[in-house]
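Consider the single chain below, provided in structure tokens and representing the form predicted on its own.
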């Protein structure tokens, strides 16, 4: 097999990134946008020693799991990877992947609990970050590139995001606002940013710029107010003048309304500022936190919530708990967490700004013990030193680990089990339908 060969291939599996996998003369061939059971003609694009990459030229026999994607840019946009597959089958694939990853990397002998999945896989995202193309159109990056593809009415977003985006692009063109170029580091507008409260419907509009002001911004605000009415609560100018792929800069300028919006999650009022971490799928986050609380058994317990963000997990358990201590490195998120506690009249919670490992060491020096530790780390998982501090110094009865990457959860499972904590149960939760991502929440107990 060599580049540009056309071969017939049957797809037998799906990778963790959502590409179909078939075998040709014993070699794995990866083909995006295919489904298990597809028989295809594949055009070979690249051949390595043990595997190859291809694109699908023709579907000879479609899989029984195929579904109409209903999106005009699905094959070009880098957002969804599984929209061509029936959602029930997508959930099954994700559950199997979580189990197999935990077995392969974590040497776990138990299967995942049944996946918790969405009633509907569409219109769930409460946040969008749109790169702005040089033509002034907003969109999403194409797969494995920084080329922006206009997205139209993305089916992952509420319809109001589409209407708001049209107002913004019309404004850019009408007033001939310059667009930022990554190559030359010139031009003004870099990204367009939207957040919405699911329960409150409050909307934040953000514009990321390579500068300190947006010409004719008052005209944009007038148009947004006319279209969005009282749901428009915040218009933010985010200043990012750095030569970086990081979207948001450190400085925010409030052009209209407040510097935040509010939502309600698990009965807790939540303040969301531009830099706050907040789960993008409100309804599935409530189910995730409910499962975390089921594992934590917080009644009368001291809860230590590491990587706490705006405090949403810990605060959702605070009314049952004896106390909650949250730790987060982003100062703005800590301030939001403190305000969230105050506005919800929760007086048994406090929040510390700092690196999770250093904060854990500080709490140890204060002789603060935790009955339950909640870990909700970024994709890279937990540092081994932090896991040792949690296990050896806090020695909680239970550890509840919320993971956005099952591979790092599996790795950290081995570390925790070497420290005397046994994995009792783990459950996948599909916070990101139509994409390859899946969350997993796991329960570890001491000395079982």
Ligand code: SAH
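Residue numbers count along the first chain shown, from 1. These numbers come from a predicted model, not from an experiment.
There is another form of this protein, the form predicted together with S-adenosyl-L-homocysteine (SAH), and it is not shown here; the text below is about that form.
S-adenosyl-L-homocysteine (SAH) in the model of the complex: contacting segment from 307-315, 213-221, 169-177, 183-191, heavy atom within 4.5 Å: Of the options, only 307-315 has residues within 4.5 Å of the partner.
Answer option from 354, 78, 133, 152, heavy atom within 4.5 Å of S-adenosyl-L-homocysteine (SAH) in the model of the complex: Result of the distance check: 354.
Heavy atom within 4.5 Å of S-adenosyl-L-homocysteine (SAH) in the model of the complex - residue from 363, 332, 116, 329: By the 4.5 Å criterion, the partner-contacting residue is 329.
Partner contact for residue 378 in the model of the complex: S-adenosyl-L-homocysteine (SAH), 4.5 angstroms, heavy atom: Judged by the heavy-atom cut-off of 4.5 Å, residue 378 is in contact with S-adenosyl-L-homocysteine (SAH) in the model of the complex.
Any non-hydrogen atom of residue 74 within 4.5 angstroms of S-adenosyl-L-homocysteine (SAH) in the model of the complex: Residue-level check for residue 74: no, no contact with S-adenosyl-L-homocysteine (SAH).
Non-hydrogen atom contact residue 140 with S-adenosyl-L-homocysteine (SAH) in the model of the complex at 4.5 angstroms: No, residue 140 stays farther than 4.5 Å from S-adenosyl-L-homocysteine (SAH) in the model of the complex.
S-adenosyl-L-homocysteine (SAH) contact at residue 87 in the model of the complex, heavy atom, 4.5 Å: No, residue 87 sits far enough from S-adenosyl-L-homocysteine (SAH) in the model of the complex that none of its heavy atoms falls within 4.5 Å.
Residues in 283-302 close to S-adenosyl-L-homocysteine (SAH) in the model of the complex, defined by a heavy atom within 4.5 Å, in order: Counting only heavy atoms within 4.5 Å of S-adenosyl-L-homocysteine (SAH) in the model of the complex, the single contacting residue of 283-302 is 289.
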